[in-house]
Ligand SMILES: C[S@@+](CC[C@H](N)C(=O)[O-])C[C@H]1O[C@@H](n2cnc3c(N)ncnc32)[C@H](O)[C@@H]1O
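One chain comes next, on its own, written as structure tokens: the form predicted on its own.
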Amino acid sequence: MDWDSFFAVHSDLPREGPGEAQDVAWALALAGLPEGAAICDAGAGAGGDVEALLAVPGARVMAIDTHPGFVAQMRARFAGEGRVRVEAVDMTTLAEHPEAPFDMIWCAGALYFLGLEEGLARMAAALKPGGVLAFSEPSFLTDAPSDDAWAFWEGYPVRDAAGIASAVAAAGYESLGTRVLGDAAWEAYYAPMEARIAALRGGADAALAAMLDLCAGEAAQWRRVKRETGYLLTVARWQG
């Protein structure tokens, strides 16, 4: 990965994955968090969901990511918000952080970097008993996904809703609800990125041009397969 070219495309975008504030609001309504809840946004990227998470009265949000550019971006973005703490933390070590355990972990489009089973276990270790994990996981929306739909996830072992639900239950969680992210959630990610790509095209060197093509190709590919695959947002309570 050419990180300089990657960050040239992604720097200061409003979000680093599909989602909308209404998705967060839906998850929070199911979670029923207490006032002053401790929330972790795991794999927060640019912090696109942090403001929506602050809707919980008195909530404190710790937003974590491992990419230095995103960490710096979030620290600048939330510099004046005393209820937000931004840290460079790997999700695999979250349970060991002094702020853990949490009332809720929000993990939008990032749990799959660990794999579903490992991700569910890692997050459980960082939750209070009865705490809530909300995560979006690649899922097929059809019984017969095309080769293009499989290729979109680059070899990740994508499951349908039943397969995700089975893994959630086996990991010791009670599912509180699920919903498929809508097209608007994906456009909230891809539309600003495509505007950035168009702005960078003129003066791009070979490395940057290759990254622009890669990112533009991903957006175009999603539009071809969006009726077959997407993200399933699951809200689940840890029973440990």
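Note that residue numbering begins at 1 and tracks the sequence as displayed. All values reported here derive from a predicted model rather than from experimental measurement.
Omitted from view is the form predicted in complex with the ligand, to which the following refers.
J.: Just to confirm, residue 230 within 4.5 Å of the ligand in the predicted bound form by heavy atoms?
T.: Residue 230 lies outside the contact set for the ligand.
J.: Is residue 150 close enough to touch the ligand in the predicted bound form, meaning at least one heavy atom pair within 4.5 Å?
T.: Judged by the heavy-atom cut-off of 4.5 Å, residue 150 is well away from the ligand in the predicted bound form.
J.: So in the predicted bound form, does any heavy atom of residue 114 sit within 4.5 Å of the ligand?
T.: Flag for residue 114 set to yes.
J.: Since only the chain is shown here, I'm wondering whether residue 160 would be in contact with the ligand in the predicted bound form (any heavy atom pair within 4.5 Å).
T.: No, residue 160 stays farther than 4.5 Å from the ligand in the predicted bound form.
J.: Quick one: which of 44-52, 28-36, 198-206, 171-179 gets within 4.5 Å of the ligand in the predicted bound form, going by heavy atoms?
T.: Stretch with heavy atoms near the partner: 44-52.
J.: Going through 48-77, which residues have a heavy atom within 4.5 Å of the ligand in the predicted bound form? Please give them in sequence order.
T.: Contacting residues: 49, 65, 66, 67, 70.
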